[in-house]
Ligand code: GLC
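Single chain ahead, written as structure tokens, the form predicted alone.
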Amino acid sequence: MLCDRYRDFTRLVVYQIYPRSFMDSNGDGIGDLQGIISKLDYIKGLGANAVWLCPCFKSPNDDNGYDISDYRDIMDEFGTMADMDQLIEELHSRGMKLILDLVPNHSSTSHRWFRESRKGRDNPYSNYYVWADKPLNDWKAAFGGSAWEYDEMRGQYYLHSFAVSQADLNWDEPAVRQEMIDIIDFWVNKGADGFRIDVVDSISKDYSNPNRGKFGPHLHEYIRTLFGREEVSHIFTVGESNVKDIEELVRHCGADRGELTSLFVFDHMDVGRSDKFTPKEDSLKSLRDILVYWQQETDRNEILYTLFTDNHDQPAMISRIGNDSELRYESATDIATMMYLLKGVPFIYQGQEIGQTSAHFDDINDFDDVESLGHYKEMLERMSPEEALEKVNFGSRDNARHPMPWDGSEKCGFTEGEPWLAMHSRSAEINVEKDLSSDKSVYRFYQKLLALRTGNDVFLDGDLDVLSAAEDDHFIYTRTLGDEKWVVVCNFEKEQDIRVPLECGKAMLSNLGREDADGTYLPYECAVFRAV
């Protein structure tokens, strides 16, 4: 059972928006805040009651907004602060919450803090960033190359864990911690209901750690500095972190820690690939087993788990672990049922609700992602351009960043101008208008699935029991609260006969019209029953 502090958050259903690619309201080819406002009823109609907005702050966009030059202003392409105020008001009037993306590890080198800091060691902002006379180690940046860059003006090297234009902030400097506190309070006072915290495990550095210093000695102290305050005790927080074990997860999210509400655990995002740009043969068994492990561990430790399959950094899960062609609908709905009737907070990434897949392009110039372009350049040193492009097509973050296809027209109803990034290669086939008119609508299935979840407390706080065996090519689990028990059956890749070891009524939800629990299940078929 979850502690009282977290129980209300189990009712959240979060829809993640990548603003640049969601909806353009003014024809400049770039999504914006007014475009988001125009689609809020679509999001609410899906069953979401919260929106996580990827960074919308001022930025030169070297990393699409994750390089912030002003934390208290809106990116020019996205609109104005008045637009943000309206978005907050429109969300709250619909009973929906706003979760903003906080990027505390680094800022843009265009930020006023960095421009001042590089002027010299006597500047008031001198210690806002990590400077050294020579590189302190041999760290590599996440986007390729050394993590240390020499600055001619300062005459020293600065640390950048990501792009050269993303300088790491020095969290050992008290003034930096106070700046972040002030930024959080600024947005909470405006009406923000929570934050997703980007690479939170990097804000304290261990310079002897080869993995870019993550989990430094003051990490939890610094997180408590931000969120262990009474003024923000009511907000929802979810961290992005490379946590691999339950003990570290508890240190981040334990109810008595005064740190984060929850944390994204990424173990299951490794299914279907041996590294970010290399696929591997895999099965939904892998996904099931990882989910079961974390469900059991987080339940035992009273931790609020996060339920997600896709986000702005990941190619579509159904393209890695499902059948994204002739069984795309079945795969999308089966994986959703596996995931979103478990214990935790559901996160749904834009386009996922219509069964969006990964894309494919024949020219590297069709890509914008700084990470992909950096790795493509490095891959050319050891493989052909064709092989490197295939890897980029598989793993690029652009897979999740192509403009949202609202209809099947040339520009997909996203814009009247030239889209900032090529439309998805399958947008004529996979778009909102076509999905909503289809007999096999992923969106309408999501509506029913989320309504089932939020309309029954058993899925919010009920106990989880796994009925299928480890060797089974399917997943059967129950959720139980008091005398109420529900049974979830999800078949995997092969047609097979499945017998449920409980007496069940007729199916309350099924992706292929099933009525009875026992019988032959088609590939990726799923159904939900109430136990008799």
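Nothing here was measured: the structure is a model prediction, and the numbers come from that model. Numbers for residues come from their place in the sequence shown, where the first is 1.
The following text describes the form predicted in complex with ligand GLC, which does not appear among the structures shown.
Heavy atoms of every residue among F162, Q166 and D198 are located within 4.5 Å of ligand GLC in the model of the complex.
Heavy atoms of Y66 reach within 4.5 Å of ligand GLC in the model of the complex, making it an interface residue.
Proximity of D270 to ligand GLC in the model of the complex: non-hydrogen atoms within 4.5 Å are absent; the residue sits far from the partner.
When contacts are judged by a 4.5 Å heavy atom cut-off, R397 counts as touching ligand GLC in the model of the complex.
At the 4.5 Å threshold, heavy atoms of D310 stay clear of ligand GLC in the model of the complex, well away from it. Contact with ligand GLC, judged by heavy atoms within 4.5 Å in the model of the complex, is confined among 190-198, 360-368, 457-465, 225-233 to 190-198. With the partner omitted from this view, the residue of Y158, Y349, F143, Y446 that lies near ligand GLC in the model of the complex is F143 [heavy atom within 4.5 Å]. Only one of R118, R177, R401, H252 lies close to ligand GLC in the model of the complex, with a heavy atom inside 4.5 Å, and it is R401. If you take 517-531 and check each residue for a heavy atom within 4.5 Å of ligand GLC in the model of the complex, you get nothing at all.
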